[in-house]
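Have a look below at one chain only, the form predicted on its own, in structure tokens format.
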């Protein structure tokens, strides 16, 4: 039976070439002898069953496009929560993982309801963007990861961060980054993080196969 991969909003949550993550992951799974069936879903889709997929991915977009995606995803919140609760492998990169929390306060002061899979909150500011190269460690894999972060927000209330930053810009307030719960991974790192970090891609592929 084929491994089913879902790429959410590949048409507009793809600000830094995040499609590269799906291409490499698909190739890695195929090299491991797996049949892979990738699909895309976007705002024109009126029915999404997240539990039907073995891997769910969403990349980064502008703040306005992230809000656009959030409004659409809200219709399928229960299905996404069911996929999360049943240990489906999920990766949200860039600002897309901000949608998974309790709320997002925009730079204009408007409070947006989040998907509420977690209790963290997000607060944006428009004075400046926080950007820079980072290095990070996690309890997987056993190598240091690299990446680039470009954000205008701070996240508060994450109980299980994904990474500990071993190198970061001075403007970054915390050494903790991202979130990991069950088989869900969220990181502010933008672009093809799996391409830049082959060990992370290998880990993700093996996790999908084991979970299948």
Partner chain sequence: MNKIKVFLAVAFCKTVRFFAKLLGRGSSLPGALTLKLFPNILRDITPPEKIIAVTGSNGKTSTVELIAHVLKESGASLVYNKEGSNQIEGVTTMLLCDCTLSGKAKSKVALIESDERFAKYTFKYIKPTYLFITNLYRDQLTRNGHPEWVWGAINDAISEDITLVLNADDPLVTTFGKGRNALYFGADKLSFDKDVNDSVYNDGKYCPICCAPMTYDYYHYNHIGSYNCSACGFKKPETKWTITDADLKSKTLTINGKHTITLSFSSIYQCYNSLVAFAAADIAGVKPEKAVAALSGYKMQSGRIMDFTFGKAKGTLLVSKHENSVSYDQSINVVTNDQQDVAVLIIVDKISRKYHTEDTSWLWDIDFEKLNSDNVKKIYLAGSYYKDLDVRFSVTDIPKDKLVICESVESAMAKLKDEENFTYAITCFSDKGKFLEIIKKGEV
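This structure is a prediction, so every number in the text was calculated from the model and none was measured. Positions refer to the first chain, counted from 1.
Beyond the structure shown, there is the form predicted together with the partner chain, which is absent from this document and is the topic of what follows.
- 62 is the sole member of 166, 160, 171, 62 with a non-hydrogen atom lying within 4.5 angstroms of the partner chain in the predicted complex.
- Of the heavy atoms in residue 152, some are within 4.5 Å of the partner chain in the predicted complex.
- The partner chain is not shown here, but in the predicted complex it comes within 4.5 Å of a heavy atom of residue 126.
- Looking at residue 43, you'd find a heavy atom of it within 4.5 angstroms of the partner chain in the predicted complex.
- Using a 4.5 angstroms limit between non-hydrogen atoms, residue 12 touches the partner chain in the predicted complex.
- When contacts are defined as a non-hydrogen atom within 4.5 Å, all of 27, 133 and 196 contact the partner chain in the predicted complex.
- Looking at 178-212, the residues that come within 4.5 Å of the partner chain in the predicted complex, counting any heavy atom, are 190, 191, 192, 195, 196.
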